[in-house]
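Quick heads-up: it's one chain on its own, the form predicted alone, in structure tokens.
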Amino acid sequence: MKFFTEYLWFNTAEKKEYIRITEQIKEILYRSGIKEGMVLVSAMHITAGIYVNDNERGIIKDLDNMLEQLAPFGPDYLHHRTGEDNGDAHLKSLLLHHQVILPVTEGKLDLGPWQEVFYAEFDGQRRKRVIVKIMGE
């Protein structure tokens, strides 16, 4: 089995953003030379997430609205007693999860017809990274 690792770096303009990263993952997979296996894509920060869904503005807005309803921005988090002000970002990350595993078949991401990979940032405007680890043959 062969392993290949690269990192993606983000410094978002906004505190909260959803960024399509499918093409970057495909490019890293191509450089790896791996034809059969899997790709682990993991946000290396506790206020960011990785998810797979449709690249359509309506669903992204719906997702954002759902997360804001479940973990609204505001002062009422116990976490804020530590001096932080990003309690909602931690919970939003948990709701989406911090990583996905994607199948690789014949050297390509084996995604469904509408599936795209996204990086979700909930406490941005500073440098953060994502690990892309490809495993296979």
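Counting begins at 1, following the sequence as shown. Here the structure is a predicted model, which means the values were calculated and not measured.
Another form, the form predicted together with another copy of the chain, is not on view; read the next lines as being about it.
- Although the partner is absent here, R31 is not a contact residue: none of its heavy atoms lies within 4.5 angstroms of another copy of the chain in the predicted bound form.
- Taking the partner from elsewhere, D85 is found to have every heavy atom lying beyond 4.5 Å of another copy of the chain in the predicted bound form.
- At the 4.5 Å threshold, heavy atoms of G74 stay clear of another copy of the chain in the predicted bound form, well away from it.
- Q115 belongs to the set of residues with a heavy atom inside 4.5 Å of another copy of the chain in the predicted bound form.
- Residues Y51, V52, N53, D54, E56, G58, I59, K61, D62, L63, N65, M66, L70, A71 of 48-75 are found to place at least one heavy atom within 4.5 Å of another copy of the chain in the predicted bound form.
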